[in-house]
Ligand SMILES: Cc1cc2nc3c(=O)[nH]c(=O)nc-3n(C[C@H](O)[C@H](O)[C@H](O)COP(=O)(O)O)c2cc1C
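Okay, so here's just one chain, in structure tokens, the form predicted alone.
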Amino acid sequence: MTATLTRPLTVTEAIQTRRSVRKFVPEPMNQEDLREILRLASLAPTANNVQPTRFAVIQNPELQAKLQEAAYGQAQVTSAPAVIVVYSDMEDVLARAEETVHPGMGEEQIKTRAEGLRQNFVQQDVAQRGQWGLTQANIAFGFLMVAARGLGYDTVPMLGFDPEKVRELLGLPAHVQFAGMLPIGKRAEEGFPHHRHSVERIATFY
């Protein structure tokens, strides 16, 4: 298995060299690199440190083939050595709200803050909480792609899949919300060069 780069890319290099890659080198991912990419993605900010993002990491060819079917036959799902399904689970967050509070705050503060977090969402239904959590998971999804490229790996973000089928395949509860599916590995193609609007086209300065 190929190890990480001698020197990780800078953030600027990672962003500028990221491409949406759909053909991957057929070799397993270095597991230390994979865990480090997930660790870096977990550092993405979340409001009130809620941390609703979850990662389902699939490296099983049989399951990847089934995910490919759920993704309308897109070949990158089985070309990549791994696929990361990124989703939010706000019900898990609220059930274990104490875990979101820094342990250095002490038992009473942990209890108080956890209860305050639950109260913040008590007026929302499951779907509303799920949508709020998804906004946080989307941030982590972006971090995940940059972290992967920083260690020399490539990805392609996917939203083209049947969420119900993916939930069923992964045994996930109905309330989770998907940020996307991310095949990951070493590129076997260069991918298309960037074609983006200029800053002047997309930004208004006040």
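Model, not experiment: these values are computed from the prediction. Residues carry their position along the shown sequence, with the first being 1.
The protein also exists as the form predicted in complex with the ligand; that form is not presented, and the subsequent description refers to it.
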4.5 Å heavy atom contact, Gln76 to the ligand in the predicted complex: yes
Exercise: Pro26 in contact with the ligand in the predicted complex, heavy atom 4.5 Å: no
Touches the ligand in the predicted complex: Arg187 (any heavy atom, 4.5 Å): no
Leu67, heavy atom within 4.5 angstroms of the ligand in the predicted complex: no
In the predicted complex, segment of 49-57, 34-42, 146-154, 159-167 with a heavy atom within 4.5 Å of the ligand: 159-167
Partner contacts in the predicted complex for 77-96 (non-hydrogen atom within 4.5 angstroms of the ligand): none
